[in-house]
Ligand code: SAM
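This document starts with one chain, in the form predicted on its own, laid out as structure tokens.
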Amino acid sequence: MKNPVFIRARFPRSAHDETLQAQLVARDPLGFLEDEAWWEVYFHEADWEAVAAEFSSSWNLLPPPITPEVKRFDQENWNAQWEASIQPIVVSDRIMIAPSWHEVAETDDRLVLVVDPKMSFGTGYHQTTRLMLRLLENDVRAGDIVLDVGTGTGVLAIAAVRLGAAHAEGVDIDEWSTDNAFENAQKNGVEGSVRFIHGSLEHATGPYDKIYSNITKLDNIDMLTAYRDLLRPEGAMLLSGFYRDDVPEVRTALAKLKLTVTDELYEDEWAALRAVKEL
């Protein structure tokens, strides 16, 4: 029998999600998968052993204690297990996300975004991805130039182009994300209208008509000035990755930069905002 080489750690949803995910992102996981009741992180076995040794004691001291459910996979079963976990997701009346191994027919009334996540954020399972897409489908305009920050699977950039944007750029600090995003763009037939950049926001050229940013609350707030400066006059930004209770803090940060909230959406405890530059 082969030794297990991959680890899936499943965490129950809690008020500590953002802190725990930030800890784990810094330890170079293979990726994440999220649902309403839980989220998962994947590591090579040796890497997970180091993470667990560093953090498990502090997780047990949290109120309530956090103990992930850990499962090991061998190399042979890895791809099958991963693909089985990804199912089509209905985002809205107009948009569905489906992996390529599930054939879903597109109609005049339904846009199907083909996304094979390969361990990247942006599968559609998480509320913030769905919230961003619901705002995006009413926000993007024909001819828009779009920036997608923390692009993950590239789903927001791809959706923008498929809904009429002329060009979309996605930036992500993880190289495997930008590679995956371009593969997904090819699956959706938009590879000629997107560019994915391995790097940080400083690699974005601008100006943009729209900026879409589904990252953490603190990262969003830290980058608001840069977003404002990259937007054209009357440009708009869509922001998510934070909780409903965080909205007053995000609104205050936007107002200080003369960015006006024009729309907001909620799903469960998660929130998304649309803001425009004041003239």
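No experiment lies behind these values; they were computed from the predicted model shown. In this text, residue numbers run from 1 along the sequence as written. For clarity, a rigid core is taken as the largest C-alpha set superposing within 1.5 Å between two forms.
Below: the form predicted in complex with the ligand, not depicted.
Enquirer: Please tell me whether any heavy atom belonging to Ile173 falls inside 4.5 Å of a heavy atom of the ligand, as the geometry stands in the predicted bound form.
Expert: Residue-level check for Ile173: yes, a contact with the ligand.
Enquirer: Is there a heavy atom of Pro99 lying 4.5 Å or less from a heavy atom of the ligand in the predicted bound form?
Expert: Close contact is absent here: in the predicted bound form, Pro99 is far from the ligand, nothing within 4.5 Å, heavy atoms only.
Enquirer: Using 4.5 Å between non-hydrogen atoms, is Ser177 touching the ligand in the predicted bound form?
Expert: Close contact exists here: in the predicted bound form, Ser177 approaches the ligand to within 4.5 Å, heavy atoms only.
Enquirer: Is Ala159 close to the ligand in the predicted bound form, meaning a heavy atom pair under 4.5 Å apart or at it?
Expert: Ala159 lies outside the contact set for the ligand.
Enquirer: Which of 105 to 113, 87 to 95, 187 to 195, 148 to 156 has heavy atoms within 4.5 Å of the ligand in the predicted bound form?
Expert: Going through the listed ranges, the match is 148 to 156.
Enquirer: Counting non-hydrogen atoms within 4.5 angstroms of the ligand in the predicted bound form, say which of Asp28, Glu249, Glu36, Asp219 makes the cut.
Expert: The residue in contact is Asp219.
Enquirer: Find the only residue in Leu230, Val51, Leu224, Ile215 having a heavy atom within 4.5 Å of the ligand in the predicted bound form.
Expert: By the 4.5 Å criterion, the partner-contacting residue is Ile215.
Enquirer: Using a rigid core superposition, assess whether Glu18 undergoes a CA shift of 2 Å or more between the shown form and the other one.
Expert: Yes, the C-alpha position differs by at least 2 Å between the shown form and the other one.
Enquirer: With both forms fit on the core, is the shift of the CA atom of Tyr243 between the shown form and the other one 2 Å or larger?
Expert: No, because once the rigid core is superposed, the C-alpha of Tyr243 moves less than 2 Å between the shown form and the other one.
Enquirer: Out of closer and farther, which fits the Cα atoms of Met132 and Ala22 in the predicted bound form compared with this form, where the change is 3 Å or more?
Expert: It is farther: in the predicted bound form, the C-alpha atoms of Met132 and Ala22 lie at least 3 Å more apart than they do here.
Enquirer: Hey, the CA atoms of Glu18 and Asn184 end up closer or farther in the predicted bound form than in the shown form, with the change being 3 Å or more?
Expert: Pair moves closer in the predicted bound form.
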